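Okay, so here's just one chain, in structure tokens, the form predicted alone.
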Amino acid sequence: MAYLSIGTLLSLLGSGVSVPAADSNIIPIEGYTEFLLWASVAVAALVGVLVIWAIWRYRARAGDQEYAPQIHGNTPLEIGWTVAPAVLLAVLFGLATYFQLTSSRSAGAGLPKGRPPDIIVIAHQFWWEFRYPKLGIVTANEFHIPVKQDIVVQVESDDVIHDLWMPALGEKMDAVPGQTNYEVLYAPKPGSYNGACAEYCGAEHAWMRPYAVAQTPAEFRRWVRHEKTLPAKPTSQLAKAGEKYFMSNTCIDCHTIAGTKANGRVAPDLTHFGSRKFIGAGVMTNRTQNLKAFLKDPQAVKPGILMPDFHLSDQQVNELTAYLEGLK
């Protein structure tokens, strides 16, 4: 499992992603981490006090001889400073092993036997694809789950190593090309949960944010019905022109919009794009002006992504914006 890079940590702090809230998946590890923190603070404080005491106790005084007297062979003291750290390390190792074995349900450990995944997560540079194989739903960057249920997640990568991390929902899990990993996510209460890619994967690693919405079972069922419904056909002339442009250009080779001839798999599924909160896996909120800026020059908004600058006119940007906003 990947370590959290400094860059990812700073990006999380900057975006308001909080430390994990206690839940049934991660509270043992969280408790151990807190214990380890305070044990480290206690050891550091003890060492600091002893250093200050030694400096004061054995400071040079007027009339002292040139060299301080040397003390050798204090057996009890030597045993003490050898045994105490050894005992502390043994306790920490034992606790770490215990919590890892009892709380980890990643990489197949403790997963319900024979149960297929509820969600297949495929990481791309630099966005997330979420597939619900049991429900026939595909979405991008944002996903929904019911609360107080173990959600079995299959994690894969389409290109390089990524890492799915939803701090308040479960452990981190690497997405490795050619390898399938598993983990369990659990939402203790309804709400929105931010996440991150916790393995450096390229230029836009910091802007590869999974976003989860945890809902009551009834709300989740309504969301499922909504996702299975095809978006309404555009009615305004502006949106109709945007649909015509989208379907007659290379947009359809990269993106999918259910119910149309657009069935590309290279870029995010846009079937219900208009109902999503963010653009570009978290780089912008989904607002009209932000969408126009993204369409006008994607590389200026998110440098390094695969979508090039198509040098769209302002009229084409307005048409595509009207069409995409209507995909709800």
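The shown structure was predicted, so the numbers you read here are calculated from the model rather than taken from an experiment. The numbering used is simple: start at 1 and walk along the sequence shown.
A second form of this protein, the form predicted together with heme C, is not displayed here; the remarks below concern that form.
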**OP:** Go through Y182, Y245, Y186, W223 and name the one with a heavy atom inside 4.5 Å of heme C in the predicted complex.
**Re:** Y245
Original post:
Using a 4.5 Å cut on heavy atoms, which of I120, A258, V147, C251 is close to heme C in the predicted complex?
Top reply: C251
Original post:
Which of 35 to 43, 49 to 57, 292 to 300, 63 to 71 has heavy atoms within 4.5 Å of heme C in the predicted complex?
Top reply: 292 to 300
Original post:
Taking the shortest heavy atom distance, is F130 within 4.5 Å of heme C in the predicted complex?
Top reply: no
**OP:** May I ask you to check whether A262 falls inside a 4.5 Å heavy atom distance of heme C in the predicted complex?
**Re:** no
**OP:** Answer yes if any heavy atom of F143 is within 4.5 Å of a heavy atom of heme C in the predicted complex; otherwise answer no.
**Re:** no
Original post:
Going by a heavy atom distance of 4.5 Å, is W165 a contact of heme C in the predicted complex?
Top reply: no
Original post:
Taking I151, K172 and V176 together, does each of them reach heme C in the predicted complex with some heavy atom inside 4.5 Å?
Top reply: no
Original post:
Are there residues in 180 to 213 with a heavy atom within 4.5 Å of heme C in the predicted complex, and which are they, in order?
Top reply: none
